[in-house]
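This document opens with one chain alone, in structure tokens, the form predicted on its own.
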């Protein structure tokens, strides 16, 4: 009981204060949250975005908490390109009938891969009895579903997966060219390296010199080449030797790619954690709103995309 009171009145309060200070204080943080709520509400009335079954496939892991961001990301892509796309939404475990109906209404023609189908795919490719650690991580760490839940689907040989908290500002030609003719992995470059594990351990496990600054906001892989045995072993050893990390999925993706020839998207055009000025100027063709750039995302960026 005393420990819980300490958590509530000291540790939790200290953590919140640190968060408020990072975003310019309590009142500025609350303004950001109000802008986020406005964005979420506004997304309900975005015009339908047609998904063409014969278009270029683009995958999202999404659900109740993130669908509004997925919609804005797709909306911004359609505004910037005349290319036809096929949007595949993979259930993060939170889809229900209301959410399915909303997707059918706002992204007609899209494909939704729901929990039952995901479970069958996983049982076929990475059964519990052989891959118990990956199954454990799926329940503890949702980000790993971008690997396990998407790449066990056999629908497309190559899959490009993009995060929902991104907006397109001009036609992403390199992105489109890759989906048209994928020959090697593709990924974004981070603003700073965030693997969560030491390069020494990652290289020891893979036997490869890893790419610098890999970011999984945009990542394309060939599903059939993913070595699930290695992913099972790597994730277990990484955590046993250096603990858990928010960036595990990014580290595993970097390890999967290793040093094989890959397409790296330009940091000048595909921008991770854009500054306020980059957001206001619409610099580059894609922004990935992580860390402090969330403020500009919620206060400015989506409104410009929506013409508000």
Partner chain sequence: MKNPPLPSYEQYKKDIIGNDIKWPLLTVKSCETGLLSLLPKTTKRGWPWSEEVLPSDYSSTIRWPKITVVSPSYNQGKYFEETIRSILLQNYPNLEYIIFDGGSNDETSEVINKYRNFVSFARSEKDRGQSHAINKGFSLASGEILCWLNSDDYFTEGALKKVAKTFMETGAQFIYGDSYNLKNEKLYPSISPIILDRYLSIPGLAQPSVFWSSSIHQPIWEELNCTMDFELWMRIAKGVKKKYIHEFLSIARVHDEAKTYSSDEKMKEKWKEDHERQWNVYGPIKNWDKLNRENKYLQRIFTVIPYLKSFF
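This structure is a prediction, so every number in the text was calculated from the model and none was measured. Residue numbers count along the first chain shown, from 1.
The same protein also has a form predicted in complex with its partner chain, omitted here; what follows describes it.
Novice: Answer for residue 50 alone: is it within 4.5 Å of its partner chain in the predicted complex, judged on heavy atom distances?
Specialist: The answer is no: residue 50 has no heavy atom within 4.5 Å of its partner chain.
Novice: Tell me, yes or no, whether residue 246 is in contact with its partner chain in the predicted complex, where a contact means a heavy atom of each within 4.5 Å.
Specialist: Residue 246: no contact with its partner chain in the predicted complex.
Novice: Do residue 79 and its partner chain come within 4.5 Å of each other in the predicted complex, heavy atoms counted?
Specialist: Answer yes; at least one heavy atom of residue 79 falls within 4.5 Å of its partner chain in the predicted complex.
Novice: Give a yes/no on whether residue 75 approaches its partner chain to within 4.5 Å in the predicted complex, heavy atoms considered.
Specialist: So residue 75 counts as contacting its partner chain.
Novice: Considering 37, 269, 264, 278, which brings a non-hydrogen atom within 4.5 Å of its partner chain in the predicted complex?
Specialist: If I apply the 4.5 Å criterion carefully, the residue I get is 37.
Novice: Work out which of the listed stretches, 41-49, 278-286, 61-69, 256-264, brings a heavy atom within 4.5 angstroms of its partner chain in the predicted complex.
Specialist: Single hit among the candidates: 41-49.
Novice: Within 4.5 Å of its partner chain in the predicted complex, counting any non-hydrogen atom, which residues from 290-308 show up?
Specialist: In sequence order, 302, 303, 305, 306, 307, 308 come within 4.5 Å of the partner.
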